[in-house]
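As structure tokens, one chain now follows by itself in the form predicted alone.
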Amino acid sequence: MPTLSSSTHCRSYCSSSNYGHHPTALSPKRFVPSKVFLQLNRKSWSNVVCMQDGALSAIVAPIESKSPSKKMTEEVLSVAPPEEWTETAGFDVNKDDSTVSITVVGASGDLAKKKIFPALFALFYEGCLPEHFTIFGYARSKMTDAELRNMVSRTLTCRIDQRENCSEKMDQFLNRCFYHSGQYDSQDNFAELDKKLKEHEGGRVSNRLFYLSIPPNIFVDAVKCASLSSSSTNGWTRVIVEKPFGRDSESSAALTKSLKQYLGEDQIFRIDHYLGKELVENLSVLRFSNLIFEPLWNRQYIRSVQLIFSEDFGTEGRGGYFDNYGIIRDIMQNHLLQILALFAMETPVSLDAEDIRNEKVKVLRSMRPIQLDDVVIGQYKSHTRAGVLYPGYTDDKTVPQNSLTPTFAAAALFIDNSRWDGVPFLMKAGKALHNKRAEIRVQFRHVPGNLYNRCFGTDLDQATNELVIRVQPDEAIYLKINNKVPGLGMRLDRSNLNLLYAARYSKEIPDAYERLLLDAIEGERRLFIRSDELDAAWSLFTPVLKELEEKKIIPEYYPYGSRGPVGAHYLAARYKVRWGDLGLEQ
């Protein structure tokens, strides 16, 4: 069976969506030629197999008669010769008559400087951007092209494993970066931007991506002006919207309604950068492509699932913003809930974006309303450690002294369906804790009638298998198993079967923003949030958020750098589990 490998440095998905039709957008295909050109109808896809490494493998049936008088059947697979790969397998956006213009709205802000521009450079460095592209920064600050380039250059770095021609690549990238100053609510300013974009597009088919790196209160103004004054007339126009997407069901619905006055749903890319994390994207691969896990992925074998997010620093520098949202809106309602939906969803029909998002929505709609008794909130206070005084949350001058905004929250959630009935999904997120981590911990049930119970004494949790997916830092997947310690006696030990990414893979793991920006350019929507997903997520959290605020629930205070409020431990104990990140062996 001949196997034709796809390009390795810009990934491609094993999904029919790459070849399907997407309205109001060019076909979302990879920019790097895939070295395969398929001439077949939909029925003939049965002859193409997606291999584990992403390669396409062709099953070619022998043709008994090759008479020129007879036409070949529609099932024939035509493989282009090497010299034609660029011609036949090239995608629309790479043709000479097409260009991509990326406008970073809010280019002078921290997110743009620290994440967006470096991610775009990384894509350029890896050869993942199209041949013809232009990057424009747009903000209210007065700045020249040279000043923008100087600002951006300070944050650019090259891949650790591929530093050759680094300065040359940086110069090439910076020469594609330009700046336009304007107000976010001025159609005239966006019309001026449109003229500059057209100059650089040079009469080619223009595809335009706007990244809104601005406060949510000016989203609609910027979208209105961009849509009316600087959208593409002969290609696609897409807009990436950063969270927060409102602060409750009502404000989120109002924002969505306003955006849809100027954009179609397929033009709105709501970004949640956690969905672009390598280990989060690997979650469905781990489950659906490994036979040992999928049969265990249910209430019969899993005792609890824990989604843990912790930061070892406070709100330094953004207390004013954070106080308006709190940790539940900032982390749990979006990052952790999206991971939960991916973890718990049923097998999708395909890897098509809509099929995956359909399954995620089903999970969210199956979730039991969150009860106030199942929520613990906390707020960090000042603490002296090793002679250093760490400030409390309300010590921040931008935070009101009487603020009840939680900087920590833990919650127990339940999915009322046949797969997950009765399994507690424990979420925990907090700032100013003892370490920085984000992980998924799957605790399996005890072995029935375990012959070796006496070897563990009364601590049955020691005998429990646990699968840990560490999203950050030091990305890893490890499985905790019980093992006999070598020797003449019978002593059991808990050991890890460990896949540490840094040890297994030599390549640097791309930043989440790289993956999501590339997906947005290509029209791949799997990792972006659909409006009905957003509605279902807010419907779950809005009632308990309102109850917390209306009843003015006082958060439990915990010292800066500690493990968080004691109430979180009681919450887990109520469901006969313990937090997996608090033991001696984490």
Ligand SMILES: O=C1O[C@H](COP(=O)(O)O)[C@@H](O)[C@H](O)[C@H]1O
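Just count from 1 along the sequence shown to find any residue number. On a predicted model such as this, the values are computed, not experimentally measured, just so you know.
Keep in mind that the form predicted together with the named molecule is missing from the display, and what follows is about it.
A single residue from the set Phe124, Trp297, Tyr321, Tyr478 has any heavy atom within 4.5 angstroms of the named molecule in the model of the complex; that residue is Tyr321. None of His273, Lys360, Arg238, His180 but one reaches within 4.5 angstroms of the named molecule in the model of the complex through a heavy atom, and that residue is His273. In short, of 282 to 290, 128 to 136, 430 to 438, 396 to 404 it is 430 to 438 that has heavy atoms within 4.5 Å of the named molecule in the model of the complex.
Residues Gln338, Arg365 and Trp538 are none of them found to lie within 4.5 Å of the named molecule in the model of the complex, as judged by heavy atom distances. Contact between Lys243 and the named molecule in the model of the complex is found at the 4.5 Å heavy atom cutoff. When the named molecule is considered in the model of the complex, Phe309 lines it closely, a heavy atom lying within 4.5 Å.
When the named molecule is considered in the model of the complex, Asp330 lines it closely, a heavy atom lying within 4.5 Å. Contact annotation for Lys277: at least one heavy atom lies within 4.5 Å of the named molecule in the model of the complex. The partner is not shown here, but in the model of the complex the stretch 471 to 489 reaches within 4.5 angstroms of the named molecule through a heavy atom at Gln472 alone.
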